[in-house]
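First, one chain by itself: the form predicted on its own, in structure tokens.
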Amino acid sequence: MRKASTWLVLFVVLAMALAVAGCSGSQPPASESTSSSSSSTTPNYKLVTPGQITVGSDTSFPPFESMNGDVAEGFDVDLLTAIGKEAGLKVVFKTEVFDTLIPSLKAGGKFDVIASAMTITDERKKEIDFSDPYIDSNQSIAMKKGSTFTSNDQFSGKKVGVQSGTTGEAWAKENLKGATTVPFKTATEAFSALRAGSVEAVVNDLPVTAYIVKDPSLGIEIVKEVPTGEQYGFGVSKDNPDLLKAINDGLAKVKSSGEYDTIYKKWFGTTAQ
């Protein structure tokens, strides 16, 4: 009996030890669980200024962005400001030359996002990431009022103004054979050259040209709309995925709430198509 009792006690002790070991092995350390949860919910923005999206933009491209004194205004400005609000971030625009925007974003330290009516292209996507598209666009050819457009060939041997580094410049070089494309830093400079007679025509994004020619004092009109099927997106560095996600999430919320339509009508006078 004494031996049987001894074996019984040893069996009970062994069973309890195995039970404790099994329970402890099935639970992950509390610190690991807490750490994983925290890292998955806290965005890791890389911002030039904490709490603020600093935006690089060619602020001479109305109605998307232009300067009213020292203050940037326009469709892109209002839209990105609304998106930033959804993410709890202030938005500040800085004027940059268009064809230096991508190199500057890649170099870092100047701004976090490009908002400059920039067309999403495969070539540009090799350099930076883009947000979801936020507006559609085409190209256009503008000339002085009273001019007659017959075909692309009529510009052979003549000068055509474009903004440097744009898809308009690329289209003009590819499609206006024999023409001399004259690059300008800004679209407004190209249109000033057209008024002065320094160039025969200007190839530029349709929404911007349509906005500019509303001013009758310029004496400029659109003679051809070019269906290129472009879409604009906000540019973000490839090493800033959390910021890109925040912009896409904010854009979706602004669209679903109806605020996008309000901003669109403010700058274009119609509802979004």
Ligand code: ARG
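Note that residue numbering follows the sequence shown and begins at 1. What you see is a predicted model; the values in this text were computed from it and never measured.
From this point on, the text means the form predicted together with ligand ARG, which you will not see here.
Which pick from Phe155, Phe98, Trp171, Phe191 sits with a heavy atom within 4.5 Å of ligand ARG in the model of the complex? None of the other options qualify; the answer is Phe98.
Which of these residues, Thr81, Thr166, Ser140, Ser131, gets a heavy atom within 4.5 Å of ligand ARG in the model of the complex? Here the answer is residue option Thr166.
Against ligand ARG in the model of the complex, would Phe61 count as a contact residue? Criterion: heavy atoms within 4.5 Å. The answer is yes: Phe61 has a heavy atom within 4.5 Å of ligand ARG.
Within a 4.5 Å heavy atom cut-off, is Met118 in contact with ligand ARG in the model of the complex? Met118 belongs to the contact set for ligand ARG.
Evaluate Lys159 for contact with ligand ARG in the model of the complex, applying a 4.5 angstroms cut-off between non-hydrogen atoms, and reply yes or no. Flag for Lys159 set to no.
Taking heavy atoms and a 4.5 Å cut-off, does Tyr232 contact ligand ARG in the model of the complex? Close contact exists here: in the model of the complex, Tyr232 approaches ligand ARG to within 4.5 Å, heavy atoms only.
Looking at 216-224, 235-243, 44-52, 61-69, which stretch has residues with any non-hydrogen atom within 4.5 Å of ligand ARG in the model of the complex? Single hit among the candidates: 61-69.
Neighbours of ligand ARG in the model of the complex among 191-222 [non-hydrogen atom within 4.5 angstroms]: Heavy-atom contacts to ligand ARG in the model of the complex: only Asp205.
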